[in-house]
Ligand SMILES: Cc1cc2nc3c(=O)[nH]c(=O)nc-3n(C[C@H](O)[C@H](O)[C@H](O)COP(=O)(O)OP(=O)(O)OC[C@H]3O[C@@H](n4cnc5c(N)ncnc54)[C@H](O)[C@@H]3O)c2cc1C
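Shown below, as structure tokens, is a lone chain in the form predicted alone; questions about how it binds or moves come after it.
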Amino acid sequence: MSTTPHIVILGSGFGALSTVRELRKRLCNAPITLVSPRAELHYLPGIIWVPSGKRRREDLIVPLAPFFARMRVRHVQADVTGLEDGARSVLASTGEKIANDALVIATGGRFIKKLPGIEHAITPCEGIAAAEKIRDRLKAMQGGSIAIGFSGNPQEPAAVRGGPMFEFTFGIDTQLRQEGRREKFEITFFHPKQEPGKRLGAKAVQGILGEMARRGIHTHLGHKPLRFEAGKVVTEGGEIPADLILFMPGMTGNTWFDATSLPRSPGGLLAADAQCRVQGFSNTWVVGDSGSFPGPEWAPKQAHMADLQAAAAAQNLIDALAGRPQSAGFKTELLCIIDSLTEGKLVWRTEHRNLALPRLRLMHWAKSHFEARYLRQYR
């Protein structure tokens, strides 16, 4: 190990940037190099408000150069292509080989786009451009049918993005009502299970399905999607007419993982322990969507969990470099506000309690306020 340990962090999303903050907050002065394709944070929780015009691209993209300067971080603009030397060397698309004494992997997940005809569907959480496409398609439609759904990774129950799809469903319904043209559209929510979003808790699911019924949103539940075609979704239980299809598939690991010997979970993510350590690799941690962690079956994949894992990984990294035992763990906590443009439903779940509040206008403003406060630390 070098006299001054060098830390490398892969990614520029919630997990990676939170790791930087947590390291510096703990007075870690070691040099940090961060490798990512762009020096920007894309705040994807805010894309639910793009179709209605409540958010624009520039509202959700934060240039990170000022943050990197404050945090004394060197940024390498590149894709990660692999690892060598037991993860002590990171291979970048620029051809650079970046040495490290400690590595944190936070490059997110990859959507499993295997269903035939998936090109007919928009995958919202792929980014801001996807949300803009939804906005433009809705604006151009005079009426018709909209199908919105999600599925998971059968071998990785946690690797799913269900919450945003509920938000797009309710948000589009509200938007069309505000525009005075809801009666011209038929909205159908589909999911392969009878209880979509079960990890939120039974009370939350009942509330969500009840809200759909009250809004006149049709449901097509318990039938596995088979394929997408122009104008329809085909499932084992029949067809859903759809002039616009929004679909979020389950997630798996990044393709660059395949070029390494990193251990994988059955679902393709990096196998980690309760201290966020990549199993079998020294001084190597994973946070956020890239990792498969021990915990309850309802454990979420969301920015909040990435932040909690980043805090644990940062402390364990510091302890490892100092030769101390690594004992910091993270709390498994599902915390989200399911927004509908004008109101929000708070859902909170821990190992000891599960709370689902009624839909409140206050929660909509709370979600917006949190966004502003969260982004302020990076601006």
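Numbering starts at 1 and runs along the sequence shown. The structure presented is a predicted model; accordingly, all values stated were derived computationally and were not measured.
Below, we turn to the form predicted in complex with the named molecule, even though it does not appear here.
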query	finding
The named molecule in the predicted bound form: contacted by all of Ala130, Gly152 and Gly171, heavy atom 4.5 Å	no
Proximity to the named molecule in the predicted bound form (heavy atom, within 4.5 Å), stretch among 189 to 197, 266 to 274, 76 to 84, 236 to 244	76 to 84
Partner-contacting position among Ile318, Ala311, Leu341, Leu44 - heavy atom within 4.5 Å of the named molecule in the predicted bound form	Leu44
Interface residue in the predicted bound form among Arg26, Arg38, Lys54, Arg57, criterion: non-hydrogen atom within 4.5 angstroms of the named molecule	Arg38
4.5 Å heavy atom contact, Gly207 and the named molecule in the predicted bound form	no
Residue contact check: His304 to the named molecule in the predicted bound form, 4.5 Å heavy atom	yes
Partner proximity in the predicted bound form: Ile48 to the named molecule, non-hydrogen atom cutoff 4.5 Å	yes
is_contact(Trp256, the named molecule) in the predicted bound form, heavy atom dist at most 4.5 Å	yes
The named molecule in the predicted bound form - contacting residues of 11 to 39, heavy atom within 4.5 Å	Gly11, Ser12, Gly13, Phe14, Gly15, Ala16, Val35, Ser36, Pro37, Arg38
